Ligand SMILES: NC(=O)c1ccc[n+]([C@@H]2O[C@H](COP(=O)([O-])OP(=O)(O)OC[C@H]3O[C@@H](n4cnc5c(N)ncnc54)[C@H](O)[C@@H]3O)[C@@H](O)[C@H]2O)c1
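Taking the form predicted alone, here's one chain by itself in structure tokens.
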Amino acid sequence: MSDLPGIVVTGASGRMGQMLMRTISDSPRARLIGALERPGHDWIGQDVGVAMGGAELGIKVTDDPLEAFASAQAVIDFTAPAATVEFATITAQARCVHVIGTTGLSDSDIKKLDAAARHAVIVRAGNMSLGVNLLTQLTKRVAAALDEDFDIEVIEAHHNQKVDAPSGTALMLGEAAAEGRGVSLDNVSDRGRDGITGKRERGHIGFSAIRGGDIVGEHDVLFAAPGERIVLRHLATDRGIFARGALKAALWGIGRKPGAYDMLDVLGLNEN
């Protein structure tokens, strides 16, 4: 058992943190060796299994990433941009794989992550599921096949606790559509329509966000032209798909050369 890769989960008390820890604990291919939370959190010092309402796992929740990452082969991180950037510096020093599912990262944040990836493996994706990554590839291909007579809209729905919009997955799909069209998303992105906005700009890619209840994640890419519409859709009903994808990414990254990777690399779908 001790020969299995050791994995640390950040943001241990969150929905994804708890799902990740259960997934790793149940896996025959990895072992949970650490759980990290922010300083001052109620879980600090508790056994993580007990904190989750179950049996002891023999792992105390800590707020010290240096200590937690020192003996890890991989860190799985679904937290907040500032924390993720800080963790990336430490994972690079520890030479362990850093799997990032954090959304809402700025261009500046991503540049810092890319700098850390010169020293360690970073796998970053707006969504870790197989289905969504297939949807991304389909979106790129359909966008490349259709001209600007087809308007493109990305519609996403999530639970009422999600703090960023559009979702990381929606942006990933928008990037795929823009790449298929051979344009920069920054130049054609339409968000937050309200009031008298004027007619839709030809060639632009629109985004709409829905927040409510306990929706795990729903994403539609709509291609609409006069007289016809094409809709590509992915519905997530179980948060476990993201945890299983993140664990797959962590195990894939162990032993790889330092660099910035994504789930298309992990799944062998990258066309580059």
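All figures in this text were calculated on a predicted structure; none of them were measured in a lab. Heads up: residue numbers just count along the shown sequence, starting at 1.
Absent from the display: the form predicted in complex with this ligand. The rest refers to it.
Identify the site as open or blocked, taking the pose of this ligand in the model of the complex and overlaying it via the site C-alphas; a blocked site has 3 or more ligand atoms within 2.4 Å of a backbone or C-beta atom of the shown form. After the site C-alphas are aligned, the pocket of the shown chain is open to the transferred ligand.
Considering non-hydrogen atoms and a 4.5 Å limit, does this ligand approach Leu36 in the model of the complex? Yes, Leu36 lies within 4.5 Å of this ligand in the model of the complex.
Taking heavy atoms and a 4.5 Å cut-off, does Thr136 contact this ligand in the model of the complex? Result no; Thr136 lies far from this ligand in the model of the complex.
In the model of the complex, Asp114 touching this ligand (heavy atom, 4.5 Å): Contact with this ligand, no.
Please check if Arg15 has a heavy atom lying within 4.5 Å of any heavy atom of this ligand in the model of the complex. Judged by the heavy-atom cut-off of 4.5 Å, Arg15 is in contact with this ligand in the model of the complex.
Only one of Lys140, Arg191, His119, Lys162 has a non-hydrogen atom within 4.5 angstroms of this ligand in the model of the complex; which is it? By the 4.5 Å heavy-atom cutoff, the listed residue in contact is Lys162.
Exactly one of Ala74, Val123, Met128, Ala177 has a non-hydrogen atom within 4.5 Å of this ligand in the model of the complex; which residue is it? Contact with this ligand in the model of the complex is made by Met128 alone.
For the chain shown here without its partner, which stretch in 194 to 202, 177 to 185, 96 to 104, 146 to 154 has non-hydrogen atoms within 4.5 angstroms of this ligand in the model of the complex? Of the stretches listed, the one contacting the partner is 96 to 104.
Just give me the residues of 206 to 235, first to last, that have a heavy atom within 4.5 Å of this ligand in the model of the complex. If the 4.5 Å heavy-atom criterion is applied to this ligand in the model of the complex, 206 to 235 yields nothing.
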